[in-house]
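This document starts with one chain, in the form predicted on its own, laid out as structure tokens.
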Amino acid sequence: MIEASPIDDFYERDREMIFVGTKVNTIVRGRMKRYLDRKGFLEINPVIISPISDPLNHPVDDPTLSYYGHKYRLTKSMIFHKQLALVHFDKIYSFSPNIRIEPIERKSTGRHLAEFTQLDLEVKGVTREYVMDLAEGMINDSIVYVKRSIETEKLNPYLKKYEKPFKKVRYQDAFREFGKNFEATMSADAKEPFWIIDIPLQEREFYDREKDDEEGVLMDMDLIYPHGYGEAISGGEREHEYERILTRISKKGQRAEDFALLLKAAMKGLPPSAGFGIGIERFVRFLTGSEDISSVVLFPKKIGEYVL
């Protein structure tokens, strides 16, 4: 049996859907950049390879390469570089390419790709609430501009400017009411975006800040799209003190030596900060009302498939 060629697949794509997705992608990137530039942010270059990258809280393959005798990883997110950037700047963002070789179970979610772009931002000396408000304003601004720029019938029919502030739901409350798959259930029922906040330590990476008054609960958040589109944003306040980072690495059962560069930076001094990442392709999927994220990306890296 001859394996299907990715070239054949490419030529059989729905051209109109690709065009709409690419057009919305272009508008969204430009609008987000303008929004952040006006608020005093500086854009930094994305980091593609580095000795250190996001460990993530779920299993993915971790491709490495040798570069002049040193081990480098492909970027899974720019979390540590964002923290380091704030040594020199106050507000930064980057349109960061991320590589996540996801398990095959995520193939059918409609919202996962092995390669995607994340608008990653970080702000020195602010709270979680500050970046949540920033995210809500940026999303509404982009929605209004996209609706003004694209024919309505080519967009999600439910699309509108949402009332701020978005609803906040504690993780444990959502879990108690809807069970383990609460995110999917709540997203399917929701008519407005909402935040999941105060996520347990075991459900997240070590770098989000643990609450001072509630052990094992983090000052972080996820934004969930309505109408079943799932997670939009992940972020929170960051651990920045050496001893707290070391303790958190230990609590997660990870090895301090794997994060030696981050720990050395913490000893030299990392500023307190908060930030988030929003997947651009997922946002485009939501804006266009597309069933599958791959339909709005020109060269989608589909999970488990041989692709261009």
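Numbers follow the displayed sequence, beginning with 1. Quantities reported herein were computed from a predicted structural model and do not represent experimental measurements.
Heads up, the form predicted in complex with a small molecule isn't pictured, but that's what we're talking about next.
The small molecule is not drawn, but in the model of the complex it has no heavy atom within 4.5 Å of Arg209. Proximity of Ala232 to the small molecule in the model of the complex: non-hydrogen atoms within 4.5 Å are present. Within 4.5 Å of any heavy atom of the small molecule in the model of the complex lies no heavy atom of Leu287. The small molecule in the model of the complex is approached by Gly279, whose closest heavy atom lies within 4.5 angstroms of it. Of the listed positions (Trp195, Tyr171, Phe116, Tyr72), a single one reaches within 4.5 angstroms of the small molecule by any non-hydrogen atom in the model of the complex, namely Phe116. Of the listed positions (Lys147, His227, Lys124, Arg111), a single one reaches within 4.5 angstroms of the small molecule by any non-hydrogen atom in the model of the complex, namely Arg111.
Residues with any non-hydrogen atom within 4.5 angstroms of the small molecule in the model of the complex fall in just one of 211-219, 187-195, 153-161, 96-104: 96-104.
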